[in-house]
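First comes one chain, alone, set out as structure tokens in the form predicted on its own.
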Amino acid sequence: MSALGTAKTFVADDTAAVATFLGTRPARVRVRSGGSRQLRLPEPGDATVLDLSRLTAIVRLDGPDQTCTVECGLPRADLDAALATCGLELPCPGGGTLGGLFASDPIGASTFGGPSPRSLLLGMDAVLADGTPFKSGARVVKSVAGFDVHKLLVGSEGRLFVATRLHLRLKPAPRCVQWFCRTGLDVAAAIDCLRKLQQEPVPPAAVQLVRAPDGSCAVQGRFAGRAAFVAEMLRRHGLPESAPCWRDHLDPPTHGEVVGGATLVGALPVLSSHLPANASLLWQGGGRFEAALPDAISADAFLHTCANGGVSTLVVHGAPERRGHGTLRDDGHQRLQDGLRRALDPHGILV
């Protein structure tokens, strides 16, 4: 059983409870809401788990303003259901809880230049590692509320502070949505299809390339907008209609690992050529990718190749001792990350 499963747990009911708990100066703390992405983080060891799963309220839903305020333990599916009744949507991919989605930001945008968790986060209520509550940003789109400290939540994995409420930007649900899936492609044909879709003045609302372990590829996603526009895009690109199809992540093979990174569509031929024949690949339209490799040796070889090509990658799912292992980050990026952690969590409480 993992250390996470045997660790002490504190279940918080609200922001005040989180502040009180952190104010006791616990030794080490792992923040968890739904827990669906915990296996993609390093093991917390003997850290106490701060469980936010009871923070599930939709505090405010302003249809005319197209904004909402939610607690971080709210499942994405519950928010989607509530927004559907108002003709609205949160226009970024990803499941789990809202806190986990924004703190991990594992997918980014679903299409080139599309909205992502970072662009949709207007503000938050949060607590520093020493128990100090604070607020950043605002509940409205147009605001001059100071520095965008709340943007630091995105991708922080809960290691800078603990967010308890999020203020989010929404958009109207499209008039027409149609999913598509073009299968049976080789890598070159799939990439050619992606390039043509990206060159459209209005690209797909979401798009992915999926390479199966047998080497065959699929391009899948959805168009959104007026019905005539959607039909024309499908016809122009020869895209078969499909049931809803989207993959947030790849699962590791038995004894294997998933490596994640980001790259442009133009680098996909080289990236794919360096994968073992039985590896799978998932490339998101915003540039993030995951590769599922059969074992640690294959993963290390792929990491080495990516490093030589200037692509930053790391193990995002695998054996506990291997998670986070990857290529060296840019020196400036690393200094910034270390500086933020020293400033916001000088005692290294949040792990």
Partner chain sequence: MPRLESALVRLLGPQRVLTSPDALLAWECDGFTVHKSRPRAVVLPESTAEVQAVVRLLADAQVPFVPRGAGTCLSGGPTAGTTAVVLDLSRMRRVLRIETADLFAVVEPGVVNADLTAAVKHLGLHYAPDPSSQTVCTIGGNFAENSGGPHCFKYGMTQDHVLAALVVLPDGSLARLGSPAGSRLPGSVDLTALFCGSEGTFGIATEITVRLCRDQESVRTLLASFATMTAACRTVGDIVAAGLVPAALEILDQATIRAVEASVYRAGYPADAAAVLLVELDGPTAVVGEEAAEVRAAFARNGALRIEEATDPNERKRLWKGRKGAFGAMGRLNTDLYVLDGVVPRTRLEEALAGITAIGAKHGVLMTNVFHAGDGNLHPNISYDGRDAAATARTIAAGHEILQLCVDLGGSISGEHGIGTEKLDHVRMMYDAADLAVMAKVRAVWNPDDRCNPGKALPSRSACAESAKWPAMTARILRDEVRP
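None of these values were measured; they are calculated from a predicted model. Numbering follows the first chain given and starts at 1.
There is another form of this protein, the form predicted together with the partner chain, and it is not shown here; the text below is about that form.
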Determine whether any heavy atom of Gln199 comes within 4.5 Å of a heavy atom of the partner chain in the predicted bound form, and answer yes or no. yes
Is Thr327 close enough to the partner chain in the predicted bound form to count, meaning some heavy atom within 4.5 Å? yes
Given that the partner chain is not shown alongside this chain, does Leu61 nevertheless sit within 4.5 Å of it in the predicted bound form, heavy atom to heavy atom? no
In the predicted bound form, Cys181 touching the partner chain (heavy atom, 4.5 Å): no
Which of Ser298, Ser312, Ser53, Ser36 has a heavy atom within 4.5 Å of the partner chain in the predicted bound form? Ser312
Considering non-hydrogen atoms and a 4.5 Å limit, which listed residue (Leu90, Leu160, Leu239, Val258) is close to the partner chain in the predicted bound form? Leu160
So which stretch, 72 to 80, 92 to 100, 240 to 248, 115 to 123, is the one near the partner chain in the predicted bound form (non-hydrogen atoms, 4.5 Å)? 115 to 123
Could you list which residues of 112 to 134 come within 4.5 Å of the partner chain in the predicted bound form, counting heavy atoms only? Gly113, Arg118, Ser119, Leu128, Thr132, Pro133, Phe134
